[in-house]
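Next up is one chain by itself, shown in structure tokens, the form predicted alone.
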């Protein structure tokens, strides 16, 4: 079995950004994604009230080039204005052609 090396981009953000972020990553080259509700505590503290909204965890497996485009877009348009965290991991996948 052949494994293909790609990048897993994980974005944790305010749920209100869900639609916008999904459209952004697709526009930048992602062919798919996984999205789940997320909870936790970070530099902005713990969200304890419903009125503060919920968080999402958006994951996509992409080429390094697409990963860099996604991170650059987040840096430009989201990090300064929203509670958004993003990180990239190296992954090896089966059927790599599904992702690039």
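Positions refer to the first chain, counted from 1. From a predicted model like this one, the values you see are computed outputs, not experimental measurements.
Heads up, the form predicted together with another copy of the chain isn't pictured, but that's what we're talking about next.
Contact between residue 27 and another copy of the chain in the predicted bound form is not found at the 4.5 Å heavy atom cutoff. Another copy of the chain in the predicted bound form is not approached by residue 63, whose heavy atoms all lie more than 4.5 angstroms from it. Although the partner is absent from this view, residue 93 contacts another copy of the chain in the predicted bound form, with a non-hydrogen atom inside 4.5 angstroms. Interface residue remark: residue 100 is not counted as part of the site for another copy of the chain in the predicted bound form, having no heavy atom within 4.5 Å. Shown here without another copy of the chain, the chain has 1, 3, 7, 8, 12, 18, 22 in 1 to 22 lying with a heavy atom within 4.5 Å of that partner in the predicted bound form.
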